[in-house]
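Take a look at this one chain, the form predicted on its own, written out in structure tokens.
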């Protein structure tokens, strides 16, 4: 029998392991500002909080943000019951959410479709030092793509969806590179647990080789034109 809770535990546990690998990129001293956007029931929020405060001994200002009032109320009660100092839950749109100063870490687990783009845009605009995001439900490109050269893929719906899943995340990674991040697209967990098993992990770079951002931006634009798409992430980051 497939246990959804056990699968979720493995996903969250692996997520924290992948965070641990880039922990050294976070500020060494002081209070860390952390955002879990589209936090849902906040399994990940509490796991990251435990990792940072109990295993790494850090002081945090951590925010779990989601649109569902009942879920946020429930998570807030748990945080208070467990005396999670510095952990706050906010009911609202992540597009308008603000923190004092730039967040050091932005995480998101399976934000649906373009919600992932809103998460990534928020992190970039607020100059987050580290971003870990696992996308979910890639619908946008599947509906928008129009490319004559790829009609041999488009005529098969299952192949088109698989192509759009990969292309969407590859373009997200390239767009983040154009904003000065070093980016990896890595496997979160065994696909038997969930097909939504890709993580985009990005670290803001202090020193960047001349022309690297510009080259990434030019490549990104060229690929979007080829596919006939205008991704939400690009619109959000290009908007003044």
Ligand SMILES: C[S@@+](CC[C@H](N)C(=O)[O-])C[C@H]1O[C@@H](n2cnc3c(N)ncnc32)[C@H](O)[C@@H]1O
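Positions refer to the first chain, counted from 1. Just so it is clear, the model here is predicted, and its values are computed rather than measured.
Form predicted in complex with the ligand: not shown, discussed below.
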key: Interface membership of residue 67, the ligand in the predicted complex, 4.5 Å heavy atom rule   = yes
Does the ligand come within 4.5 Å of any heavy atom of residue 110 in the predicted complex?
yes
Does the ligand get within 4.5 angstroms of any non-hydrogen atom of residue 199 in the predicted complex? no
Checklist entry - With the cut-off set at 4.5 Å between non-hydrogen atoms, does residue 180 touch the ligand in the predicted complex? => result no
query = With the partner absent here, would 106, 121 and 176 each sit within 4.5 Å of the ligand in the predicted complex, counting heavy atoms only?
reply = no
The one option of 34, 188, 38, 52 with any heavy atom within 4.5 Å of the ligand in the predicted complex is 38
Of 130, 94, 164, 75, the only residue with a heavy atom within 4.5 Å of the ligand in the predicted complex is 94
Assert contact_stretch over 146-154, 165-173, 76-84, 112-120 against the ligand in the predicted complex, heavy atom within 4.5 Å, equals 112-120
